[in-house]
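The form predicted on its own is given below as one chain in structure tokens.
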Amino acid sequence: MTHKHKTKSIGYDKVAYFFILPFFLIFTYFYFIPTFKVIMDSFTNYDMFTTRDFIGLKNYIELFKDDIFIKSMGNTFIYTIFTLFPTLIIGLLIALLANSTIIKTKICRTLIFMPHVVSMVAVSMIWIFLYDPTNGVFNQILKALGLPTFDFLMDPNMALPCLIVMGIWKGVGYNMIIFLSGLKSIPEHYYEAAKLDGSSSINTFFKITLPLLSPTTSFLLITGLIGSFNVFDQVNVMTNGGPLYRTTTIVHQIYTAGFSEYKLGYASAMSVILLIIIVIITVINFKLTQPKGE
């Protein structure tokens, strides 16, 4: 490369760095610095007002002795597992139907996707009405069938499953759209070759469609995991963590400790634990979904 070409390349690099500089400034100010501050606060007894003494690992030691926090971790894992995988599976099935001649109309796709764009607070209020013990739609159906009714959100055994059902309903549309875009990107000649070889539809799905959708699936897994572990709005609106802490989650406990009990240091330690969990699961997911040979 000549000196002239090198100088020109350096000039292009400077222009490129100039255009991406705003992103890095925003990321540093709104993400990196607050994350670093939370990590530092997790080693203090910060109370949002005047107290901010260094106490070492005391917050972390207390966390793993806190039965409510341990329960919130269990609830979060249960919510994540039983929301994420059904949402992925149902979203993929609907995307396959939408990619065929069964659900071709834009109206059907729009109706399926619509719950995703509605705010979680609005969705939560709708589902509170659906679960209402007196006039709720579900209980009205049970009455019509001659079956006993339930106070869904106040039943310790049913409250978390009710939140999971709502989470699946809200997330399926988004997964459908992303999977549909992934299906559209698969070259048609793969399917033509499989058809000429006499491959069955099931074999084609597992040998061609599913492997080629692995980047899409990996993306949805990571974003779904992060979203599920950060579940808060519906818990706060619909159950406030009850009954008997059966629906409280890690983020709900962070909010309660930080903004109800003013234990910001303790809440920061919970946030760090949540960050570590998400990072570990994300790394494992990358390792499992990375194509062989890379």
Partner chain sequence: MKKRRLFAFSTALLMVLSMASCNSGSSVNSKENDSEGQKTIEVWSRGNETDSHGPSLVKAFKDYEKENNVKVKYQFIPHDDAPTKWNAAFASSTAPDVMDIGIVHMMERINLKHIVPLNDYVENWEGKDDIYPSMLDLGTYKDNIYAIAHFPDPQIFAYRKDKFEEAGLDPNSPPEDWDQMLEYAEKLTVKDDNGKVTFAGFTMPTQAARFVANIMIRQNGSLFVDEENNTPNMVTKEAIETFEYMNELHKYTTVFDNNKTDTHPLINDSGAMGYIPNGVLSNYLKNNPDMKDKFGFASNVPGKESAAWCGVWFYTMTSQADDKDLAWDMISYLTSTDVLTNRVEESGLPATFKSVSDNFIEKNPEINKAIMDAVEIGAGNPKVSWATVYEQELDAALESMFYGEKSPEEALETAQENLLKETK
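The term rigid core refers to the most C-alpha atoms you can superpose between the two forms while keeping them within 1.5 Å. Residue numbers count along the first chain shown, from 1. Keep in mind that this is a model prediction, so the values were computed, not measured.
The form predicted in complex with its partner chain exists for this protein as well; it is not shown, and the discussion that follows is about that form.
Consider the chain as shown here, without its partner, and state which of 78, 93, 154, 194 has a heavy atom within 4.5 Å of its partner chain in the predicted complex.
If I apply the 4.5 Å criterion carefully, the residue I get is 154.
Find the only residue in 74, 115, 86, 133 having a heavy atom within 4.5 Å of its partner chain in the predicted complex.
Answer to the contact question: 133.
Considering non-hydrogen atoms and a 4.5 Å limit, does its partner chain approach residue 244 in the predicted complex?
Looking in the predicted complex, residue contacts with its partner chain include residue 244, since a heavy atom lies within 4.5 Å.
Taking any heavy atom pair closer than or equal to 4.5 Å as contact, tell me whether residue 261 reaches its partner chain in the predicted complex.
So residue 261 counts as contacting its partner chain.
Please tell me whether any heavy atom belonging to residue 126 falls inside 4.5 Å of a heavy atom of its partner chain, as the geometry stands in the predicted complex.
Flag for residue 126 set to no.
Please check if residue 24 has a heavy atom lying within 4.5 Å of any heavy atom of its partner chain in the predicted complex.
Heavy-atom contact with its partner chain at 4.5 Å: absent for residue 24.
I have 64, 99 and 217 flagged as a candidate spot, so tell me whether each of them has a non-hydrogen atom within 4.5 Å of its partner chain in the predicted complex.
No, the whole trio is out of contact, none within 4.5 Å by any heavy atom.
Scan 36-66 and note down the residues that get a heavy atom within 4.5 Å of its partner chain in the predicted complex; none is a fine answer too.
Read in sequence order, the residues that approach its partner chain (within 4.5 Å, in the predicted complex) are 47, 48, 49, 50.
Once the two forms are fit on the core, has residue 20 moved its CA by at least 2 Å between the shown form and the other one?
Moves: yes, 2 Å or greater.
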